[in-house]
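Quick heads-up: it's one chain on its own, the form predicted alone, in structure tokens.
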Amino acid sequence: MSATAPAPPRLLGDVRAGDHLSELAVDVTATTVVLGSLATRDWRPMHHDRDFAQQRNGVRDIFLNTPNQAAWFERFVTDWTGPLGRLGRMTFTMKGSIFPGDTMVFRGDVVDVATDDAGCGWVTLEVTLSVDGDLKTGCRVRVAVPATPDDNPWERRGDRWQP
């Protein structure tokens, strides 16, 4: 697995539509799949029992569950934003399964940068998860980043937080 060092807090003024996020590649193991399933209390056997996955689901092996993929997308985005990035919304469409032995490759692009009426800085990202160049999941993320050096999206509440 190649990992990136945690980024310093990314400020809204440092971001432009068209910016590309640094790629993240993650080698998937059976442990990656099973621990994600356990962490999300997903006891369905296709996420931990190879025979069940192959014989009942007709797939080559156990595979990542939906919350596990969501967590990997969150990690990719917050590695880029730094510690003050706060997810507002995330939607994704899964097009294929992720199996042990696959290398997940995350890529992302900034599609919009804006400030809302409360002064919160928002970045919209298009993120992809591919294996061997084959798109497995597409994701759209709206993430808050500090608008100024003294701003912290995590301190926003009520009317000041409009994800």
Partner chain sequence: MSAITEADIESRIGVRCYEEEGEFPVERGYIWTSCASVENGNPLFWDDEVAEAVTGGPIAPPTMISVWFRPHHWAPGRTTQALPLQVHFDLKEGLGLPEAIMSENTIVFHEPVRPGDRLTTCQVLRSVSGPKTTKLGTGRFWVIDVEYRNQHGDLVGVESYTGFGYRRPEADGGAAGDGVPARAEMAGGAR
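Keep in mind that what you see is a predicted model, and the values were worked out from it rather than measured. Numbering follows the first chain given and starts at 1.
Same protein, other form: the form predicted together with the partner chain, not shown, and the subject of what follows.
**Q** Verify the contact flag for Pro100: yes if a non-hydrogen atom of it lies within 4.5 Å of a non-hydrogen atom of the partner chain in the model of the complex, no if not.
**A** No, Pro100 stays farther than 4.5 Å from the partner chain in the model of the complex.
**Q** In the model of the complex, is there a heavy atom of the partner chain that lies within 4.5 Å of any heavy atom of Leu35, even though the partner is absent here?
**A** Leu35: contacts the partner chain in the model of the complex.
**Q** Consider Thr124 of the chain shown here, and say whether it contacts the partner chain in the model of the complex, taking contact as heavy atoms within 4.5 Å.
**A** Although the partner chain is absent here, Thr124 would stay clear of it in the model of the complex, with no heavy atoms inside 4.5 Å.
**Q** Using heavy atoms and a 4.5 Å limit, would one call Asn68 a contact residue for the partner chain in the model of the complex?
**A** Heavy-atom contact with the partner chain at 4.5 Å: present for Asn68.
**Q** Taking the partner chain in the model of the complex, which residues of 54-90 have any heavy atom within 4.5 Å of it?
**A** Contacts from 54-90: Gln55, Arg56, Asn57, Gly58, Val59, Thr66, Pro67, Asn68, Ala70, Ala71, Trp72, Glu74, Arg75, Thr78, Pro83, Leu84, Arg86, Leu87, Gly88, Arg89, Met90.
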